[in-house]
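Encoded as structure tokens, the following chain is the form predicted on its own, with no partner shown.
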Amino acid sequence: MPADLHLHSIYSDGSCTPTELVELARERGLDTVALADHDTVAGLDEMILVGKERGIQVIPAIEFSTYEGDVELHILAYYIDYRNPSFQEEIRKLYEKRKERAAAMIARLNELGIGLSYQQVRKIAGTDYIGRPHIARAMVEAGYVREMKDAFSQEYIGNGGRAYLPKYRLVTEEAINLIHNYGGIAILAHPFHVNGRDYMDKRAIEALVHYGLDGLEVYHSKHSRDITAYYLTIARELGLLVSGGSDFHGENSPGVEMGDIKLVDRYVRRIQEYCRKKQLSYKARQ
């Protein structure tokens, strides 16, 4: 049951449709995948349906950008009751905040002489979700920068750049509570790569465990062997689930391929068994 539990589609900042992701998963020899778009579950129904037709298990997921003080953390939610109308309303608010942020960053770029419109970037995105990678691609297509990475600079939309605006500040503890309230489990994504500090060490992760954090994304495409070993030890010492995924975005994240990370069977089974118990408790509360 080789799995890649961190994929993005066109419904957030990826370049592939959910159907294309399923087809690619088959090509890469994956049995199980998770679509974890940012602040939206719009692609899940399509991907789960196509996955059933193609023999690929699709785990419903979503990725939240959260803040622990000034540190930006990404929390992955797996097996969440994403069709629940109350949950849909919660994430709709986050989605609207993302749209407002994108429009404001485009306006700032206009002030810097970058003649992009919201409509141009929306066309590239293909959906109402507009993230920085879409703005960067629009800048490349319009000839303002040579490569997408050039847009992520202090001159433009890099962290703290002249056209950069911070995300809506969803507090990490609130996000974990939200995930648990709707039957999901909370996994800290790419703990070595966070904004606002060098990396998450054991002490910082322990603070999240007090909020109810369920696991760590130990295996990630940007984690070296030593970093992976470091977080595997922490996960074992703190009794956390071990997860992993490529963080595949397609053309919007060159150099990262689906299946670069293949989470082995025993970790997938443990996540599923843990989730089944959580789901029983969640259903009993309904």
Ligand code: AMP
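Heads up: residue numbers just count along the shown sequence, starting at 1. As the structure is a computational prediction, the values presented were derived from the model and not from experiment.
Missing here is the form predicted in complex with the ligand; even so, the following discussion is about that form.
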| item | value |
| --- | --- |
| Partner proximity in the predicted bound form: Phe152 to the ligand, non-hydrogen atom cutoff 4.5 Å | yes |
| Partner proximity in the predicted bound form: His223 to the ligand, non-hydrogen atom cutoff 4.5 Å | no |
| Exercise: Arg98 in contact with the ligand in the predicted bound form, heavy atom 4.5 Å | yes |
| Distance check, Pro133 to the ligand in the predicted bound form, heavy atom within 4.5 Å | yes |
| Contact segment among 107-115, 206-214, 124-132, 77-85, judged by heavy atoms lying within 4.5 Å of the ligand in the predicted bound form | 124-132 |
| Candidate from Lys202, Arg162, Lys167, Arg197 lying within 4.5 Å of the ligand in the predicted bound form - any heavy atom | Lys167 |
| 4.5 Å heavy atom contact with the ligand in the predicted bound form for all of Asp13, His38 and His249 | yes |
